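In the block that follows, a single chain appears as structure tokens, in the form predicted alone.
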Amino acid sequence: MAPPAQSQRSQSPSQPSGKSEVSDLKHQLRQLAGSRAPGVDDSKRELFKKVISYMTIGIDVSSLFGEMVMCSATSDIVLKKMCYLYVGNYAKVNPDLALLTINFLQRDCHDEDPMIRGLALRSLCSLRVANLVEYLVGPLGSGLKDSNSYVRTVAVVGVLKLYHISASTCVDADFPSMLKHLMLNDSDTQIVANCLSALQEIWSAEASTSEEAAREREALISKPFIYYLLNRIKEFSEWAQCLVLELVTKYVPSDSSEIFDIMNLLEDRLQHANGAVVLATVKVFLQLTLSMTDVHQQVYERIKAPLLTLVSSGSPEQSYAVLSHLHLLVMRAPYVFSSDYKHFYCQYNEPSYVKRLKLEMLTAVANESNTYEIVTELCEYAANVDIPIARESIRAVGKIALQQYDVNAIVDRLLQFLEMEKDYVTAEALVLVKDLLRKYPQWSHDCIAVVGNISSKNVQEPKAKAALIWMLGEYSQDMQDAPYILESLVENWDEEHSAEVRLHLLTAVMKCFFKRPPETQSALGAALAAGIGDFHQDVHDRALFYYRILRYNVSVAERVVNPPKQAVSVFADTQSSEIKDRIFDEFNSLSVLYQKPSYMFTDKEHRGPLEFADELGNLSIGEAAHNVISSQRVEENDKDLLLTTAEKEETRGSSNNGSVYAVPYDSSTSVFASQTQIESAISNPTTAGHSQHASFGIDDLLGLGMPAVPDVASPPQLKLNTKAALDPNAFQQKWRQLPVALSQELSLSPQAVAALTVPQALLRHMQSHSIHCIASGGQSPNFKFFFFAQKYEEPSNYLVECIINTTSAKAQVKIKADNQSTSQAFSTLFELALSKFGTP
């Protein structure tokens, strides 16, 4: 039988049928390579387009490299561009083939057409092949002196590319000096901006190894140069203006008159149509006046109008970026924007991310004079079809109420929310009413009257149900049906999946029992039984604690569970003032949009290396580069950042997170089966906490989930090697491989904090305790050190990461060890050594 005929498909230029198609292209290109016939350039264009289309969809056409280079011998700039694109793509993966392009690229660098010269130079620098850097020096030198500004612009960027390929070649060819000359003398502002950008990057990288580069970098923020740029700022492009303004923020004026001169010079930049230029100018104004309180407040008034204009006139993306910066300013000076609250009203056609930010702004600017109007507007949003925005609007109303502005009217609005027949509105309102009652107990009568009409069956969200249960327990004496509602909830214990709700239910039943014992006794017994048998450890521990303390003394239990309470004056802020100040310092950056400092979201490549010391005496923070070995650098792990003390600790090791109960619970047995053991533990509390054989230790009683620790003989003291040595590469490898054995927070004495003004003092102090520093970094108030130590006469290493925050006087310590069984002993030694730092 004959094979089935293959389906015929029309050939597409972007889908070759096989190798024959590429072979045909190769044959056609070779025929056209030396042809001078009329219209040959048009034929070449069609073939080049096919090659580029194949390359774009991932088909390997590298076999055409030679033919493409031969066909590039033409004056047609379109063919040149396509050929350069092809060459640049395959030069990275085929360095050997890239050598074939050098001759024709160097030849094109001397073409009469400046466009071809620039394109050829750009392509030559884009090859990025290390063994071809010697061919770049000549064309780059000629390009920097070219009469055409486009060629000079390309050459400046090419110098920076050369630096990243081979820094030594770039510096040896004296290109930085040539860029400096161009920057100060070229008439084209785009070239000046490119030179400034390239030199900032080059000199910043070279400053760690060259004193001259460090001096040149400092010269960029000198008064003559800053004024030179500011006087020409109107000539720069928008991108270049942002670059210049960012440099100006680093300049420190000598006196107030100089500050006013700079601000007057940049006054018209606030009216610029480009939002980036406006924000960069705002940053300059804010940074210059930080030390001048009165002027700083006037700056807020001055920058308000331009920023509000940008919010209303730009795209949603621009509005969000500007609003994020406005939000930061509002948090620092809310009264300045209090009269402009209508600018933050939500429009129906705005994206949800813009609306959400505007709601935060409305909450921040609310005061006595505008609360009514703002709350009225927010209440309209509660009926929004966008449910997340409706939720946010209700939360915003509650936040305003907690700021003590016109509480009477706001409480009435929230109670109206409770009567709406929308589950999510009721849920959010319940949570807010709970917080309001914690701050304003005098409103309990009005609130409870409405809350009592809400059926717990209609509340499904865990936070809302927990809030309702809290109110049932806290105000059970005022709610007639509270014991019976709680009893029905206890009966449905197994159907409640949220541990938060079960915890609140336990506490609420206890409170209700103390206020209305006869009606709650049966519900309390059922709740304790269900709680002790609960699979969630927190619920189990709390129920067990309540049971024991009730058997011990009911009066004591009431003082513990339901003591007299004071109204909450201030609710905790979710973000520390230190973090907010750090974000303000990074104004006009992604930090403002993410609402977190840059170190929390940048990757390790942009955090800078940790420098290893040649010896302890040379190890220093912020000193000149000759004090460190530049070739010995440790690459930080993603989690090994220089963090503030507020940052979460790394997951603790297995030696710290164990959870063991002294008495296992059998779910098939009644909770009261262990009554004898409980009575024994409670009747003799002194021995219960210390006896090695106690069934219930004091740790378990407090809900820590750990058994009592028996008295054992103290282990022998750990002795360290005074002449320990560890190669930096070995340290880095071990740090990546070893798990964290211990993680703890230590407090520093005021003397130790004062001594840290000279960080080397800590390094010498720790060395005197046989704990050596191998790397350090940071600046006040955050310092980071890597220490190591070795056990005496044994090849056992201890690695330590110590992050110190001088503001909070805390040290976050992580310890890794070859032998984890001795890590606790080493931790004791390290803590003892650190505690002695700063003492005479």
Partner chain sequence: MLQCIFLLSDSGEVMLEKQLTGHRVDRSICDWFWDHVISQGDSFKSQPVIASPTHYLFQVVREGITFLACTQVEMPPLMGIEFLCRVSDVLSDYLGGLNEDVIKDNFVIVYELLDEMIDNGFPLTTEPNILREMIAPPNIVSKVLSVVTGNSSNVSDTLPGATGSCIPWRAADPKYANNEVYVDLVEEMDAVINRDGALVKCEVYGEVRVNSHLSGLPDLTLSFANPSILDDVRFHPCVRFRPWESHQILSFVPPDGEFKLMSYRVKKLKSTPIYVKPQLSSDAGKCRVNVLVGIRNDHGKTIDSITLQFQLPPCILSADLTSNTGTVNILGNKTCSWSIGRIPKDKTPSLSGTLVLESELERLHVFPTFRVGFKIMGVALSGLQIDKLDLKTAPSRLYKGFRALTRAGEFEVRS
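Here, rigid core means the biggest group of C-alpha atoms that superpose within 1.5 Å across both forms. Predicted, not measured: the structure shown is a model, and the values here were computed from it. Positions refer to the first chain, counted from 1.
Just so you know, the form predicted together with the partner chain exists too; it's not on screen, but the next bit is about it.
- With a 4.5 Å cutoff on heavy atoms, R764 does not count as touching the partner chain in the predicted bound form; it lies far away.
- With a 4.5 Å cutoff on heavy atoms, P388 counts as touching the partner chain in the predicted bound form.
- In the predicted bound form, P114 approaches the partner chain with a heavy atom inside 4.5 Å.
- Within 4.5 Å of any heavy atom of the partner chain in the predicted bound form lies no heavy atom of L32.
- Taking the partner from elsewhere, every residue among L308, Y345 and Y348 has a non-hydrogen atom within 4.5 angstroms of the partner chain in the predicted bound form.
- Stretch-level contact analysis of 468-476, 330-338, 78-86, 215-223 against the partner chain in the predicted bound form, using heavy atoms and a 4.5 Å limit, identifies 78-86.
- Distance criterion of 4.5 Å from any heavy atom to the partner chain in the predicted bound form singles out E317 from the list E134, E317, E211, E368.
- Taking H504, R356, R542, R548 one by one, only a single residue has any non-hydrogen atom within 4.5 Å of the partner chain in the predicted bound form, and it is R356.
- Shown here without the partner chain, the chain has N148, S149, Y150, V157, L160, K161 in 139-161 lying with a heavy atom within 4.5 Å of that partner in the predicted bound form.
- Relative to the superposed core, S166 undergoes a C-alpha shift smaller than 2 Å between the shown form and the other one.
- After superposition on the rigid core, the Cα of T74 moves by 2 Å or more between the shown form and the other one.
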